[in-house]
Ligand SMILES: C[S@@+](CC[C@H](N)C(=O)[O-])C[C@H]1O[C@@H](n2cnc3c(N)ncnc32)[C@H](O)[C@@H]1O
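Next up: just one chain, as structure tokens, the form predicted alone.
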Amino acid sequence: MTVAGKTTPGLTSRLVNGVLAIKPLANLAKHQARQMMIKRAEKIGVSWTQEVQTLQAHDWDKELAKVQNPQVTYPDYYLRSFHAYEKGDLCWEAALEVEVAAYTVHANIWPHAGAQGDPKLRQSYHNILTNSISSEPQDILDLGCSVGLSTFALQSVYPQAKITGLDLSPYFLAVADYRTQQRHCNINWVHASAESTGLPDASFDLISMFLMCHELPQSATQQIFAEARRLLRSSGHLAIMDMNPKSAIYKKMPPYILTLLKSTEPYLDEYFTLDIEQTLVEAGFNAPTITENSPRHRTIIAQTPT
């Protein structure tokens, strides 16, 4: 079997990697990236500081105890700094800022979208999803569900389906479960690794991965696709919404902005150089369809053989 591997990043990307290999410069880039995000949030009307302070006032220890699986083992790649958080996704700071960060990051996808950029991005994904899947799925797994934004969006599209949200961060899942109580809805939250979920074979019709793959090394992506293949029923679908490496926006990105982006996304080169179509085929899926759903995102849908 031929394994889809990575190619060498471009010159600009290699120069940025050299800068980020110098720890003081990497730390400065992370700080700058974070400050830029917070300023942008306030500018578009997202009250970053106020929203986070409101969440911080909640008693999160009880929420954490409800969802945390003490048997979970964290892979080495997950223990790195992500999104300018030194502890990556394994901290409260990251979990409590996911929602405001999503609205902020996606504000500039479309001109003048502002805080509506995030729901518009999710809608663009779901439009492709519903047009591509003829029979409505009854059992859905949201892999890498984070704090549940993608999970709740799936529930709105498929209100009759039984939905499971799985994530490796118990902090994210604690927030997701808290939001479930506020929404008075029923979602099964699972604290587990996407590479080894512990869920039964052939138990889902649809598995969704929303903005997850760009945060993975290629080896983890390959393992997760194989696990998704195991979990899907015959003619089931794996749907992936993520950054589009072929977007002109990334190719023309100024080195300074690319440095800030890569300082918070340690596996971006691995994602941008992955042959994702071939990786899916090698995992046992039919050849996928790829559709642009924003100026810088794409939706990939792969089906299991009948």
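Counting begins at 1, following the sequence as shown. Keep in mind that this is a model prediction, so the values were computed, not measured.
Beyond the structure shown, there is the form predicted in complex with the named molecule, which is absent from this document and is the topic of what follows.
- With the partner left out here, the named molecule still marks one of 107 to 115, 73 to 81, 199 to 207, 156 to 164 in the predicted bound form; by a 4.5 Å heavy atom cut-off that stretch is 73 to 81.
- Looking at Glu227, you'd find every heavy atom of it more than 4.5 angstroms from the named molecule in the predicted bound form.
- The named molecule in the predicted bound form is approached by Ser193, whose closest heavy atom lies within 4.5 angstroms of it.
- Not displayed here, the named molecule is kept clear of Ile140 by more than 4.5 Å at the level of heavy atoms in the predicted bound form.
- Contact check for Glu97: no non-hydrogen atom falls within 4.5 Å of the named molecule in the predicted bound form.
- The candidate spot formed by Asp89, Ser146 and Leu149 lies fully in contact with the named molecule in the predicted bound form, as each residue has a heavy atom within 4.5 Å of it.
- Out of the listed residues Leu211, Leu129, Ala101, Ile187, Leu211 is the one that sits within 4.5 Å of the named molecule in the predicted bound form by at least one heavy atom.
- Residues of 273 to 306 include none with a non-hydrogen atom no more than 4.5 angstroms from the named molecule in the predicted bound form.
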